[in-house]
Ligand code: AMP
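Next up: a single chain in structure tokens, the form predicted on its own.
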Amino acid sequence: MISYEEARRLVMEQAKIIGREKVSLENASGRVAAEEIRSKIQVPPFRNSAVDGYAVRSEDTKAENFPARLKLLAEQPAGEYFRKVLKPGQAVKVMTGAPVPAGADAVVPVEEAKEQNGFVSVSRAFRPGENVREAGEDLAAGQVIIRPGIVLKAPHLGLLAACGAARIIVYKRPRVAALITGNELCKPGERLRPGKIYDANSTILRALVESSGAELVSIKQVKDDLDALVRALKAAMKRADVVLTSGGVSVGDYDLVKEAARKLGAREIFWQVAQKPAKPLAFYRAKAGRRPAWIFGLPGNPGAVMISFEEYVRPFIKKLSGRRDFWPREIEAVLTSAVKKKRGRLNFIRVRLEETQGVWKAFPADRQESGIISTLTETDGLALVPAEADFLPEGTKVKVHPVEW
């Protein structure tokens, strides 16, 4: 067995960006920017009104002029442009977002003005720039708005749209295929026959992959048959950059993933990690034509599948996708109850997290067995209990990786 730290290093050492492509802004949500983008225009492109009201010269609203009575020249909705220069004693009605006419330097909100018979009355002084958005106050032309490695979310997309960008260069999404092994499996909704169990891992892996930003290209159940597994693995590698298998990586008679990978010429990078759960985790590099493909042999128990995905597969996918923040987020938390374990393997302890006055508390789940799914629904993070420890008393500070599932 290798250590958890060594396994993580070996996995991330293999992760290389797959490539780049151009996509429309409408299809860019969740994608990772692959180049620096600068604004081609200033934002806003012109001075505009922050409110519905009246564009005025602030000089006309000084106290000695109360109440200021200004002649209303025109009404200017958003999208229109008043081409004359505002002179003393004049005002133009403007809507939010409409250009502020030349000569005006403030906008009086409609709530603070009275319009009657072609004139507008203003009863307080307005300072220059009040309720006016200046041209370029958000962005200057040429300013960097997106840097490589940023995951594009609603604010980024809105910024790009405001700058007029229609298509952008992003990193390609990794394609992922999943193979679920086991003669004992049947699909949810089917009749549960004696000796059979419902396949939860297909559903789990579908959700995990989709939440990672990768593209799930296929998911298939495969019987415990070497020839069938070789065929399925070969087909999956043709379509995907990353192939996930669940089950079949331990030491039983029907654990055939390792043999199937060997028959396809895959190079074993490691098998078995000093951790609990997911000790029999396997990782391979293979070739699919001229491009590389990677195989993660995940254990069969749902808890081990979810935890090994979170600790290894998700960071691997993130790095393949061009993200810079690929490692799991790490916080320090205080255990609210003691943890006892055997020495020799790092343990991932499912915990519920609460923050009180800036201190995180980690509440260990009652059931930690890798076959237990129910406590995963209440898991906020995975506490890392070191391999050399055998007992951590209540109040011990531990590292915790908040989960993203």
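Start at 1 and count along the sequence shown; that's the residue number. The shown structure was predicted, so the numbers you read here are calculated from the model rather than taken from an experiment.
One more form of this protein should be noted, the form predicted in complex with this ligand, which is absent from this view; the next part is about it.
J.: Taking this ligand in the model of the complex as the reference, which of P277, P99, G300, G322 has a non-hydrogen atom within 4.5 Å?
T.: Contact check passes for G300.
J.: Quick one: from E75, E190, E184, E330, grab the residue that has a heavy atom within 4.5 Å of this ligand in the model of the complex.
T.: Only one option qualifies, and that one is E184.
J.: Give a yes or no for S246: in the model of the complex, does one of its heavy atoms lie within 4.5 Å of a heavy atom belonging to this ligand?
T.: Result yes; S246 sits at the interface with this ligand in the model of the complex.
J.: How about F270 - does it come within 4.5 Å of this ligand in the model of the complex, if we only consider non-hydrogen atoms?
T.: No, F270 is distant from the partner.
J.: Wondering, does A232 line up within 4.5 Å of this ligand in the model of the complex on heavy atoms?
T.: No, A232 stays farther than 4.5 Å from this ligand in the model of the complex.
J.: Do N201 and this ligand share at least one heavy atom pair within 4.5 Å in the model of the complex?
T.: Close contact exists here: in the model of the complex, N201 approaches this ligand to within 4.5 Å, heavy atoms only.
J.: Does this ligand, in the model of the complex, lie within 4.5 angstroms of each residue among A50, D105 and A125, using heavy atoms as the measure?
T.: Contact check failed for every one of A50, D105 and A125.
J.: Pick the stretch from 301-309, 145-153, 127-135, 166-174 whose residues have a heavy atom within 4.5 Å of this ligand in the model of the complex.
T.: In short, 301-309.
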